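Just the one chain here, laid out as structure tokens, in the form predicted on its own.
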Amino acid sequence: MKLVVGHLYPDYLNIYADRGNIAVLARRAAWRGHELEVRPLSVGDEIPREGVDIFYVGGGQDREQALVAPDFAAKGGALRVALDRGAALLAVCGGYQLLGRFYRDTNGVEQPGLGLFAHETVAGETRMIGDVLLECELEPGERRTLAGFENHAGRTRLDPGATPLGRVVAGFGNDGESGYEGCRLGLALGTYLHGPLLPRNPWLADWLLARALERRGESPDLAPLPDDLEREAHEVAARRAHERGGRA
């Protein structure tokens, strides 16, 4: 089975080793006998409403976010159609911020967002940096932990009723106050966790691949892999997060 990832703005939003997330998806798909095609989609490119199984957008600094924000906002309609037709999405850090209504930087300049997620982000005076651990439940009754690294000045505040990606066990999360991190809308996930995220949390990579297979009409059941190193990486990150002394 050939699966397709639409990598949004890889030439702009590509810091914090987030390209590693694409590498993990490709490798874990290949180990199960599936091919992963990565299609770069940048400024001026149309978002396919069909044919892409997973969209991915990474992080960038304020300058790069400002360069892509108008183009990204204009793509909102096409992206919504693709998600309504079964595509999944993972957005990290700067990409996550731009999926809300707006991002206001440290100079007070407001960058337009897509409005996919019900949140707004305003840059604070200090950065929130360190290992972070979440508890989340993507499937009913199945609680898992996500471990990663956060480094952001943005304070993202979810609207009442919006669904966070997870509850903060240790770290700052969206704003350092609410106890929540990220946002989820159906198969669209947004988070500040990078470092990159998926090597430390292979179960999330497999969740995305399973959704891609479902979209293709295939069984989402994936053969287990020997994830000893991945589990160790997760445990190390989780331990460091716990050593921060709980939610900041």
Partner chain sequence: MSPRIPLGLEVAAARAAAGLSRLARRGGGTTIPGKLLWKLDPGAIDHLAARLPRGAALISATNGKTTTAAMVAAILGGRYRLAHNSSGANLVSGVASTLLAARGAELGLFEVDEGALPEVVRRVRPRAICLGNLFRDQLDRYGELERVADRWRAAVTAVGPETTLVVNADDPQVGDVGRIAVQAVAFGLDDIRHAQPALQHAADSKWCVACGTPYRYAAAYVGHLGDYRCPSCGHARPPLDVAAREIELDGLEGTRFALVAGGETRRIELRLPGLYNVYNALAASALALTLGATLADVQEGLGRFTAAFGRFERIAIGDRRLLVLLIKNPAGANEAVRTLVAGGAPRVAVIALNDAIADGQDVSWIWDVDFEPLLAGLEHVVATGSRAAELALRFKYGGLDEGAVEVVPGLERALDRGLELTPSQGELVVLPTYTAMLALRKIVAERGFVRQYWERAA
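Keep in mind it's a predicted model, so treat the numbers as computed, not measured. Positions refer to the first chain, counted from 1.
One more form of this protein, predicted in complex with the partner chain, exists but is not displayed; see below.
The partner chain in the predicted complex is approached by P226, whose closest heavy atom lies within 4.5 angstroms of it. Among residues of the shown chain, R216 is not one whose heavy atoms approach the partner chain to within 4.5 Å in the predicted complex. Contact check for P48: every heavy atom lies farther than 4.5 Å from the partner chain in the predicted complex. Looking at N151, you'd find a heavy atom of it within 4.5 angstroms of the partner chain in the predicted complex. Heavy atoms within 4.5 Å of the partner chain in the predicted complex map, among the stretches 69 to 77, 159 to 167, 121 to 129, 136 to 144, onto 121 to 129 alone.
If you check the partner chain in the predicted complex, you find a heavy atom from every one of R27, D62 and P196 within 4.5 Å. The partner is not shown here, but in the predicted complex the stretch 9 to 25 reaches within 4.5 angstroms of the partner chain through a heavy atom at D11, Y12, N14, I15, Y16, A17, R19, G20, A23, V24.
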